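A single chain, nothing else alongside it, follows as structure tokens in the form predicted alone.
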Amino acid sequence: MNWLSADRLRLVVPALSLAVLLAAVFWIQPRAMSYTGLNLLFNLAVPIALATIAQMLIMTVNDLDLSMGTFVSFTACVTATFLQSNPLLGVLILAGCVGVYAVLGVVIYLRNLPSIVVTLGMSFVWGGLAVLLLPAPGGVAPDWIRAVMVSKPPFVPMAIIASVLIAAVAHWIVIRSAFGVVIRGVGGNERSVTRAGWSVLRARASAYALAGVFAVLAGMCLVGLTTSADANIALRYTLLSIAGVILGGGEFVGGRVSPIGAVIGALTLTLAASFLSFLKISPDWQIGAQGAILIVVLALRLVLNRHEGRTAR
């Protein structure tokens, strides 16, 4: 059997990209090769990784969520206000947000609506609610969230430990569990899932609800790191989450995703921002530079895919 199988290929490219980028950072800034340095490099990796997993779950059923950034921003605002001052009300609001996500999955399926259009519309809803909640930056992170996010376990920074845990949990849910098999089946061959006796409607609703859970956790973790929130705090997460999934070996259709690769993709994008800063590239150019990095990685994956195809013949 060829060692470069399709499943392994989804991990080889993102892992290689992360390793090369990390080596480049260490070469430019040797002081980063330390506990403190790694902690600073991957400081914002946890909320990005959670948002990426949320986007991956939506993409598993062949949909795309263009409201991810505004939704994470809204949940961050709820965390910094209601979850701090009135925890019970805050939990109820966040649970309601997860319920709204499940309803979106149902509506999109039953009405056969384009997920891009529906979620784009929802992005304005979430953004408006966030502005109403926090017209200006403010709020306070709950003490327990702040304590978890700034904790310093021995040997390995919290961000890396949390990222490994997120990848392991997501891998078990999507790849190992029966639920994961069903939602990947919905993305790959919806008719086969129906013939097997599974409810496509229930699977899509569950996938959206679980995505909502991960997105809520992303907002909570982000507030734990920043100590406050504002309505625009996570707007970039929409594109970052999509890029993280694709960089990690996922595809837009077919239910072909890699949870571990998605987390590695999120780590790579987080590290890319620091790498570009070390190169003294203007923030105005950094988004374009990140896009160029993504294109290079995708080109490498395309080459390896063709190699896999020729070898399979």
Partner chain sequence: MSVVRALYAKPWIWSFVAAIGVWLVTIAFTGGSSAGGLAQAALTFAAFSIIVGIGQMFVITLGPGNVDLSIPATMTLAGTVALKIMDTNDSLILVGILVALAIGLAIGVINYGLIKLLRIPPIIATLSSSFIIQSAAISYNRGIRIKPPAALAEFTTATTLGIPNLAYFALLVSAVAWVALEKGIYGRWVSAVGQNMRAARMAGVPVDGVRAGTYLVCAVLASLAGLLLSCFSGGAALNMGAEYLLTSIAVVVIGGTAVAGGFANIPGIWGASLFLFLVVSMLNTYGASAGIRLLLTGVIIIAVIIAASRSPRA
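Positions refer to the first chain, counted from 1. Just so it is clear, the model here is predicted, and its values are computed rather than measured.
The following text describes the form predicted in complex with the partner chain, which does not appear among the structures shown.
Although the partner is absent here, Ile287 lies within 4.5 Å of the partner chain in the predicted bound form, judged by heavy atoms. In the predicted bound form, the partner chain lies farther than 4.5 Å from every heavy atom of Trp27.
Contact check for Ser206: no non-hydrogen atom falls within 4.5 Å of the partner chain in the predicted bound form. The partner chain is not shown here, and in the predicted bound form it never comes within 4.5 Å of any heavy atom of Gly188. For a residue to qualify, one of its non-hydrogen atoms must sit within 4.5 Å of the partner chain in the predicted bound form; none of Leu21, Gly90 and Ile93 qualifies. This chain lacks the partner; the member of Met158, Leu225, Ile173, Leu239 within 4.5 angstroms of the partner chain in the predicted bound form by a non-hydrogen atom is Leu239. Site annotation in the predicted bound form: the residue of Pro153, Gly128, Pro137, Gly99 reaching within 4.5 Å of the partner chain with a heavy atom is Gly128.
In summary, the region of this chain contacting the partner chain in the predicted bound form, judged by heavy atoms within 4.5 Å and restricted to 217-225, 139-147, 114-122, 82-90, corresponds to 114-122. Residues of 244-269 placing a heavy atom within 4.5 Å of the partner chain in the predicted bound form, in sequence order: Ile246, Phe252.
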